[in-house]
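To begin, one chain is listed below as structure tokens, in the form predicted on its own.
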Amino acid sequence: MPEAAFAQTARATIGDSEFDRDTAVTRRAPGVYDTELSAGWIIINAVNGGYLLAVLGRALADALPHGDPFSVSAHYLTASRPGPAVVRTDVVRAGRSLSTGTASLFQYDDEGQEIERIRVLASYGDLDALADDVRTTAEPPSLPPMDQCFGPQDAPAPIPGSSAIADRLMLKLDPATLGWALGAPSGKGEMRSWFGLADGRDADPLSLLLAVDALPPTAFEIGLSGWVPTVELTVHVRCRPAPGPLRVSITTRNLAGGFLEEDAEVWDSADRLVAQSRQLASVRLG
């Protein structure tokens, strides 16, 4: 599906979409926000880490004097569940061009004790105020046209690890990185895909926090299966994305001791590198 066709099918808009509603936070007191984690963003039995990062990112955008995430680093402490949650933020520094803050998301466990799920340290600024000079050796990933790529809906049987989140995303994966779905993983640790939200909402800086963690794990293409929980995820947002589908490329070069890294790049329809990330994740070996 070419970019023009993607634009024609767009229905939701930024600020009025399922993603916006499901990442909404309500200020209870200065720095304290109530939210409801939606069951629509589940991977296996846990809430997707990129979705969670967008929830905390929205709270920080309200708490800090700057509204755009520049660098967001998250440590995932315990698996989050759909349902009520509280985000507590703290302004560490409010500068002229950058502000830094922390945020933690809390839920109650089965014994009724409050438990911290995720802790974030982030710097925010104004993406529109950045200089427009670009000096880079980075190149957009080479992807076949959308109509030559495949999503979860194209699989003859449910893809291992797929779940509710797949219905909320527009994923069209490069066939060259889909060997795992056919029982023949390449062993290269690569995943590439066209990316968007299923309701047609265009990308913004907050949804980029989701995009870096929304593809199937590169561990699948290495030949592993099962849950690959995130330990730590750092995202750098480089500029505000242009309308249209994104391209996401993720690579893993080293798996050791039951942990692997995933390096992601997100490119927009104007061939700009709009986000980068590095993630440490644990895998089940054997």
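Here the structure is a predicted model, which is why all the values come from computation and not from measurement. Residue positions are given as counts along the sequence shown, with the first one as 1.
The form predicted together with another copy of the chain is left out here; the points below concern that form.
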item	value
Contact residue in the predicted bound form, from Val32, Ile44, Leu224, Ala242 (heavy atom within 4.5 Å of another copy of the chain)	Leu224
Partner proximity in the predicted bound form: Ala164 to another copy of the chain, non-hydrogen atom cutoff 4.5 Å	no
Partner contact for Ala184 in the predicted bound form: another copy of the chain, 4.5 angstroms, heavy atom	no
Ser17 within 4.5 Å of another copy of the chain in the predicted bound form, heavy atoms	no
Any non-hydrogen atom of Ser269 within 4.5 angstroms of another copy of the chain in the predicted bound form	no
Candidate spot Arg11, Ala39 and Ala203, all three touching another copy of the chain in the predicted bound form (heavy atom, 4.5 Å)	no
Stretch in contact in the predicted bound form with another copy of the chain, which is absent here, among 167-175, 72-80, 145-153, 206-214 (heavy atoms within 4.5 Å)	72-80
Contacts with another copy of the chain in the predicted bound form, stretch 233-261 (heavy atom within 4.5 Å)	Thr234, His236, Arg238, Thr252, Arg253, Asn254, Leu255, Ala256, Gly257, Gly258, Phe259, Leu260, Glu261
